[in-house]
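Only one chain is shown below, in structure tokens, and it's the form predicted alone.
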Amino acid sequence: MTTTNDYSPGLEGVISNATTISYLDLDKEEIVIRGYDLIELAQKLSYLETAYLVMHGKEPTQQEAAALRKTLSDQATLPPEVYAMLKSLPKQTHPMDALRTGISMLAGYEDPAILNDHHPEPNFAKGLKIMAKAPVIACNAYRANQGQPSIPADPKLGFTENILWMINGKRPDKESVDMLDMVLTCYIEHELANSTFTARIIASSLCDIYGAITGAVASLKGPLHGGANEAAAQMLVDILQKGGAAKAEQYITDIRAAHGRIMGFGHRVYMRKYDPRAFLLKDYLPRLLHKKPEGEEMYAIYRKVEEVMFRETKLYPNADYPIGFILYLLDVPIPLFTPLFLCARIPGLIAHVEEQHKENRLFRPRVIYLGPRELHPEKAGAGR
């Protein structure tokens, strides 16, 4: 019999999985990825090298890294029907919803026997198709929404470079590519986040990897999860439009007085400690301010908001706060922030789905029942 002693709202503190993929070590304040510190990986390896590590448990050789780059380049082509679908969606469709629909649609192009084969090799092959195509879907969903022509991935460009290319059709500079690459690495894997748990729950039914990642997209869209980077950036823009850094403190005070949420601060796991990713990325912000005329003023807003939030709540920024600002400075449209978060997280999702399928047990938790008992139906019509 389940009792209230067994109940943990939001499953806080509940251990649901054993994993070799990643772990948030609060004592050492490290994000452990396959035994490595994520912050060190972000500074020393490229996103794709880290992706290989996440998926396969070891650093790639030069040949393995080159093979991954080629596979992703070869698989980055979308079926014409997917482009047509993106153009047919209602104009108010968020790119995350388009991405969810697009990834689900891709499952229909798989041989059914391969689609439902959960062995490692076909799982990774399907996962890499999703990883290659997801940024193409996301960027072109936004372009379709804006009435702009589609831009396919350029096989001459690298994975991260292609993302910026598909957003605005311009060859990005190295500084922007390197910064986005670090952002993608910081988002690549984070233990058992809501979207990762969603993917594992779906995979535990022996659903295919397309279904598991489609579910993760839906989870990540929520403002309490991936959508927080959009909300954090939009807050900085709102403060800029309402008077700049001089108005930042009052802006935060007004929201808190109305019991509103300030997105980009605090974290369910880190609680009142600094997210290591946010701590790393804040030092890169000054290098990017020149990319926007309003960069310096927004940086002043950024610092004032952080100062007020710590003074009033003792909460530090999480990764979404600096990443939202970085993506804004890189001229990424705000509606694409969360889709890029999802695209960055796909290697982690692939690894978790594969691990779930390898040592599977169907998730089936219980509840604490608080409803009535021993009710009896009243007699319905006499003709029954």
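In case it trips you up, residue 1 is the first one in the sequence shown, and so on. Because the structure is a prediction, the values reported are computed rather than measured.
There is another form of this protein, the form predicted in complex with another copy of the chain, and it is not shown here; the text below is about that form.
- Among 125, 237, 288, 107, the residue placing a heavy atom within 4.5 Å of another copy of the chain in the predicted bound form is 107.
- The listed set 308, 245, 207, 280 contains one residue whose heavy atoms approach another copy of the chain in the predicted bound form to within 4.5 Å, identified as 207.
- Annotated contact segment (heavy atom within 4.5 Å of another copy of the chain in the predicted bound form): 83 to 91, selected among 245 to 253, 165 to 173, 83 to 91, 135 to 143.
- Another copy of the chain is not drawn, but in the predicted bound form it has no heavy atom within 4.5 Å of residue 77.
- Contact check for residue 215: a heavy atom falls within 4.5 Å of another copy of the chain in the predicted bound form.
- Contact annotation for residue 201: at least one heavy atom lies within 4.5 Å of another copy of the chain in the predicted bound form.
- Interface residue remark: residue 65 is counted as part of the site for another copy of the chain in the predicted bound form, having a heavy atom within 4.5 Å.
- Across the proposed site, 273, 314 and 347 without exception lack any heavy atom within 4.5 Å of another copy of the chain in the predicted bound form.
- Taking another copy of the chain as it sits in the predicted bound form, the stretch 207 to 245 comes within 4.5 angstroms of it through a non-hydrogen atom at 207, 208, 210, 211, 214, 215, 218, 219, 221, 222, 223, 224, 225.
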